[in-house]
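Okay, here we've got a single chain as structure tokens, the form predicted on its own, with questions on binding and movement later.
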């Protein structure tokens, strides 16, 4: 279990002593799948087809998602590439990190699991502090 995961689990258990905190902590104890890559530094002209083509030489790409801005519809400059196998994702990460795609260098890493988020104003309300300062 990662150090930050332990801190989050401990803080959550202190704030709430409900059964949901233990299920939250258990979600980090299983080893995450490393088939999904986070790809940052995408040019606005990169679409899902061109991103898939760029990564498909390393193995079977099962899904590609580029994240778009809700208001403008323009790319937010990052996306995700899923591979069918972990070793294919690993070799793609090593080869594509720092490589240019349509004139922009990519930053490629393994994607992290999405964590259930709560609004910051209620998250630490029982502690009496907000961002390290007293209210």
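A quick note: this is a predicted structure, and the numbers were derived from the prediction, not measured. Positions refer to the first chain, counted from 1.
Only in words, not in the display: the form predicted in complex with the DNA, which the text now covers.
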Heavy atom of residue 59 within 4.5 Å of the DNA in the predicted complex: no
If we define contact as a non-hydrogen atom of the residue within 4.5 angstroms of the partner, is residue 49 a contact of the DNA in the predicted complex? no
Considering non-hydrogen atoms and a 4.5 Å limit, does the DNA approach residue 67 in the predicted complex? yes
Using the partner position in the predicted complex, report whether residue 109 sits within 4.5 Å of the DNA, counting heavy atoms only. yes
Residues of 75-94 having any heavy atom within 4.5 Å of the DNA in the predicted complex, listed in sequence order: 76, 77, 78, 80
